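Just one chain follows, in the form predicted alone, and it is written as structure tokens.
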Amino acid sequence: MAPKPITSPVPDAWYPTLSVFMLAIGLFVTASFFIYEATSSRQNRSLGKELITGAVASVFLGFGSLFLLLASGVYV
């Protein structure tokens, strides 16, 4: 029995679209994080909200960067 080749669960044609949407969402969440930090006082800030917002932005920017590299031909 010959082994099966490893294939991507996402079609190659979707890489550019996924990168644009994920980077856009990540930048939007990052912008909302900065606006939240700049407009709220120290007494009104919530550590939980900051951590969740930062984690969501990080995930979207990370996967968006990954798909951007894959779309440009850098297979990591």
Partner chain sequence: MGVRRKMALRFDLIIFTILLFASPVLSDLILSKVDRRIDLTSQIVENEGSEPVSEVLLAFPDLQVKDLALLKASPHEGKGKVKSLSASLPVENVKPNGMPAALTFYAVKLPKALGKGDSYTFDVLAVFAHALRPFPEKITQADIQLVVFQESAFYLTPYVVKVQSLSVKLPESRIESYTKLENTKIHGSEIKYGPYENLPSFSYSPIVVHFESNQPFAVAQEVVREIEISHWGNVQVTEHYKLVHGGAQNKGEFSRLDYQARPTIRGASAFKYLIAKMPPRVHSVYYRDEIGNISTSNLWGDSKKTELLIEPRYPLFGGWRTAFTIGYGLPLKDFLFELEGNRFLNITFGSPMNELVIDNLIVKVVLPEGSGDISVSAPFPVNQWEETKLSHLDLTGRPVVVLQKTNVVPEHNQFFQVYYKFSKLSMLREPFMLIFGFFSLFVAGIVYMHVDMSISKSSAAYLARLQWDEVQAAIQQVENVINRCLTTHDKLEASLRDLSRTGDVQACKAARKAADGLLKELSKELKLVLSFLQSSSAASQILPKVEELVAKEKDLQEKVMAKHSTVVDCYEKKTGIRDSENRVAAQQQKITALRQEVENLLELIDEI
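Residue numbers count along the first chain shown, from 1. Quick caveat, the model's predicted, so the values are computed rather than measured.
Unshown form predicted in complex with the partner chain; subsequent notes refer to it.
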Can A24 be called a contact residue for the partner chain in the predicted complex at 4.5 Å between heavy atoms?
no
Using 4.5 Å between non-hydrogen atoms, is P16 touching the partner chain in the predicted complex?
no
Taking the shortest heavy atom distance, is V59 within 4.5 Å of the partner chain in the predicted complex?
yes
The partner chain contact at A55 in the predicted complex, heavy atom, 4.5 Å:
yes
Residue by residue through 40-56, which ones have a non-hydrogen atom no more than 4.5 angstroms from the partner chain in the predicted complex?
S40, S41, R42, Q43, N44, R45, L47, E50, L51, G54, A55
